[in-house]
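One chain comes next, on its own, written out as structure tokens in the form predicted on its own.
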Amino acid sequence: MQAHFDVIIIGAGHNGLVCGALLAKRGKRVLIVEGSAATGGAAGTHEFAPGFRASTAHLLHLMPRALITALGLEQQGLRFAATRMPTTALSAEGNHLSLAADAVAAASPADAAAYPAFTARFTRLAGALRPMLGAPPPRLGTDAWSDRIALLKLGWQVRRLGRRDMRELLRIIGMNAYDLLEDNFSSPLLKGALAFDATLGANLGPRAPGTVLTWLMRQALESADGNTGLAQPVGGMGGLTDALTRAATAAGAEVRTGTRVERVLVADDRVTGVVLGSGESLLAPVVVSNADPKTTFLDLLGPEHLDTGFVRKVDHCRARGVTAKLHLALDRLPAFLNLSQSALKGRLLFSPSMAYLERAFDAPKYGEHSAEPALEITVPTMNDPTLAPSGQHVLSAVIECAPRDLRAGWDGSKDAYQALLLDRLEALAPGLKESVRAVELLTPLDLERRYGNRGGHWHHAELAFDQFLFVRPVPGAAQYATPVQGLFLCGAASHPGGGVVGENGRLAAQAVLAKAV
């Protein structure tokens, strides 16, 4: 007997779970199929050493509050161990800088005075982009009134900023973050920390054109988070994806873990279901893929079902991961030089200048990892002690810049790179290495192997002008539907992009419903 569903979703990452929950709420018979033993993907929580748990994606700050409410996630157990977490820019000399939305402590008097006005204006400009990140991108070059109206709405959002702000947005949106920050501030530490947010998860240094765009998008998505700010769910990010799983099943969706999809079935140029690794066939008129585009189109579907030009576009979609993740099991709290323990409840950035960050991004261009990486550090056990045995701690760090395609190969270089990272952390927190009981280092190659994202890129496709909005991830698949009838995308490569946002899944569900399945 072959099981029949209305919709089959490949991948139980956060976007797949959001999509499945919303479709099930609309009465569709939904199956969510996940190859791993647990849901959540990179937004899950896993045990990396006995008693020590961590999340690959370790902070929540981009999921809209309206989506959390619509799915009833707090009724499904979502709790926050911390919200509005502060950010501290670390200095190797101990002259750290505390950043908040409306103030910056210990900066130069000129920078302290300029910072509130800059952040207020930047937030206002990003707010003009927010509506287009919460709606399907319009198609270009069509005569459809829906697309024309969407473009008019986009233009109106920019126009209603007023003449001065509209001109400023048009001036800076194609700039590099380096020049924008040089125009406004003098403190290297402040500029380095802000540039880090402009480049986080990208394959672009602060001097690269378009880094203001990535920063504006990040800020625009943050504007809809209901003032939660940087947040840490109880139980790590798995606390969020567990709540999403419960929301999906409560709505009527079926979730199968440990079940790998081998290929997507096609008959008469439309999707008819999937074949599992076990050989079992599952039938459905709609399949939604939470996998990256290359896996979806080239592996699961097969290029024989696609136009040659479209296959070329998919093959050229850039997803070159340069971000690694480090987890440390510690027998005591790390002591950072001249930093209070209360600051460990927030986010720590080590990007001491834009020049430092630019040099870090230079290395991957030549197939090398940076010998002086930029770091985003959290100590999640400061807010949630359940993530480690009593009195012990977890340190979690995002590492820039380590290319997936390391010229020397990761299999023979990983131990030396791990030692380098521990040395860098030891310089910031003397005595840390003595307290390390276990280490988990996930290079981009490890991320690809563990989560299946081709290229090891967290966002499945780099965010750049030619992979943004109307053409994300590629022309012909930018509005969630694909050239094959019944096949849709909902993953991080779809609009509006990567990060634990959930809008991708919500908008994909809308696209499926619009097809009246």
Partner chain sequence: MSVKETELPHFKQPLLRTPFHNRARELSQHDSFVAWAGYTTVDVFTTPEQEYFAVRNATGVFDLTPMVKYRIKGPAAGRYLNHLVTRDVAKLKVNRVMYTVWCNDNGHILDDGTLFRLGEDEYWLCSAERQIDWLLDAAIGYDVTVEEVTEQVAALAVQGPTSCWILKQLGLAGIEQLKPFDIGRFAVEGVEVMASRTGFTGDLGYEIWMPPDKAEFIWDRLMEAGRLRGIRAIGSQALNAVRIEAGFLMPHYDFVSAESTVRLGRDRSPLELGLDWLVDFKKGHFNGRRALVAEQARGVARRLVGLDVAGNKPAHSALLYTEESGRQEIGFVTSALWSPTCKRNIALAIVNAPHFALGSKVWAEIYLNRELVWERRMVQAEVVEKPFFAPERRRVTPPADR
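Model, not experiment: these values are computed from the prediction. Numbering follows the first chain given and starts at 1.
The next section is about a form of this same protein that is not shown, the form predicted in complex with the partner chain.
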(request) Mark His305 yes when one of its heavy atoms lies within 4.5 Å of a heavy atom of the partner chain in the predicted complex, and no otherwise. (result) yes
(request) Examine Asp315 and determine whether its closest non-hydrogen atom to the partner chain in the predicted complex is within 4.5 angstroms. (result) yes
(message) I'd like to know whether Glu280 contacts the partner chain in the predicted complex, with contact meaning heavy atoms within 4.5 angstroms.
(response) no
(message) Residue-level contact is defined here as any heavy atom of the residue lying within 4.5 Å of the partner chain in the predicted complex; does Val484 satisfy this criterion?
(response) yes
(message) Looking at Gly412, Gly309, Pro109, Gly141 here, can you tell me which has any non-hydrogen atom within 4.5 angstroms of the partner chain in the predicted complex?
(response) Gly309
(message) Going by heavy atom distances of 4.5 angstroms or less, which of Glu426, Asp362, Asp331, Asp269 would be at the interface with the partner chain in the predicted complex?
(response) Asp269
(request) Work out which of the listed stretches, 296-304, 415-423, 128-136, 183-191, brings a heavy atom within 4.5 angstroms of the partner chain in the predicted complex. (result) 296-304
